[in-house]
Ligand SMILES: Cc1cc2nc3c(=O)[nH]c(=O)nc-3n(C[C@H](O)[C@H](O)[C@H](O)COP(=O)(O)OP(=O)(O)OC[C@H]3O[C@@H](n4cnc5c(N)ncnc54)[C@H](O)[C@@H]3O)c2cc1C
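Before any questions on binding or motion, here is one chain by itself as structure tokens, the form predicted alone.
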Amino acid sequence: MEFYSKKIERVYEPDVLVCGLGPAGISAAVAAARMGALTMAVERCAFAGGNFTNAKVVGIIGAVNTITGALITGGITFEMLKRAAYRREDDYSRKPLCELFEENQDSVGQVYRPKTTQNHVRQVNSVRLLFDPEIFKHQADMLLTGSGVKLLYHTVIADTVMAEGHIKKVILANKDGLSCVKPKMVIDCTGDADISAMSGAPFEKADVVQPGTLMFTVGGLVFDDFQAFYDACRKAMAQAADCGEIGIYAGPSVGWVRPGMMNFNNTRLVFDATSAESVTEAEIRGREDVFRFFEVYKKYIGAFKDAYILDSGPYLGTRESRRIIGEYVLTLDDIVEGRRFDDAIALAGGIVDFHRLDKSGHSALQFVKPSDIPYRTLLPQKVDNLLVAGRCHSVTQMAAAVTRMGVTAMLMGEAAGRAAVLALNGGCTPSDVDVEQLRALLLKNEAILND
């Protein structure tokens, strides 16, 4: 065991510290800042957006009721939809959502249409709403800075300093060296419950987690019929696997980006997102798979004749790691049976998207009605000035297959940000926040809490 000590001269003292600027962190920071709290937010990447930007998982699931197409996301999440999202039309053109909302449409169209063949959900009826990653990065910057959030990109959390179940200090590391933050409230939006784990809050992590993915984009594609192109991609993967040319693979799910440009969710990577060594190995393996899969496509599909790999995600897309054990643990039965909660602060979207690691192809999808997310799932145990938002909230592994979606995480983030400031203003802990006051505040800011 080694010990190291150093005087830290750079000190910050915000009211609220948001750790991680994925979808949940963006809305948490903006909500807290807009309520007048001195808000600081830190992020390891050079930009905000989490899986939407650093993993290029651009498909939007959970924004609307899958059956009716009605919008179930409001507040700050709705702002980001208008700023950076578009709907893929049936002719594969793009229509910005801001234009649809200007037309006063009460429905933005179904994300999924529950029409299936024997083996899979037809891709032509699959994801219809998407974010543009570059626009998302820029608009997130504008939203955060415009709300008065103190931002630090390229910054990781090194440790926390605790005193009797209270986070006294958070230690940061970046190009400035080590810095110390003395926050009054902390919101863990790291996706992996990093702050919660460092602070001693109980959490769980399944022995076998859902596999992740390394997304990649291909340019220079030439085809006329998307469905025929997609079917050819599926056939090529299956044929290559049968011949032993490739190992296990995901999907493939193919997302329309622009004419001649497609985004592939094709790799199936098993790794521990809380281990640097495991993530490093998975990144290397993922890039190897990307090039191997691309060569298969070029071999079997004419549309790839002049195609090229444009890029891959800067980070792996992680579906699952740590989940806190909060004041309530949301279950899949809660979701499937449509249980209502008095402390609901958001609605989760309508598919159970659980990915297996022992079988190639698509995940099994189950369509469900929008479901309540209780405020208590944002409240970790044993730490009195900490809230959690995003995929690491208090939920079972199977229920997380519904609530881990990016827009759902963003809804949780706004609730956490507003609750943190209510706790500060009321001189209480987040657990003692008046939930009716919180819900009223969310509704006042155009949240949607009933489908």
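Remember, predicted model here, so these are calculated numbers, not experimental data. Residues carry their position along the shown sequence, with the first being 1.
The same protein also has a form predicted in complex with the named molecule, omitted here; what follows describes it.
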Heavy atom within 4.5 Å of the named molecule in the predicted complex - residue from 133, 183, 191, 349:
191
Of 265, 73, 377, 371, the only residue with a heavy atom within 4.5 Å of the named molecule in the predicted complex is 265
Going by heavy atoms within 4.5 Å, which of 314-322, 291-299, 235-243, 216-224 lines up against the named molecule in the predicted complex?
314-322
How about residue 157 - does it come within 4.5 Å of the named molecule in the predicted complex, if we only consider non-hydrogen atoms?
yes
Although the partner isn't part of this model, could you tell me whether residue 417 comes within 4.5 Å of the named molecule in the predicted complex, counting any heavy atom of the residue?
no
Can you tell me if residue 409 lies within 4.5 angstroms of the named molecule in the predicted complex, counting non-hydrogen atoms only?
yes
Taking any heavy atom pair closer than or equal to 4.5 Å as contact, tell me whether residue 44 reaches the named molecule in the predicted complex.
yes
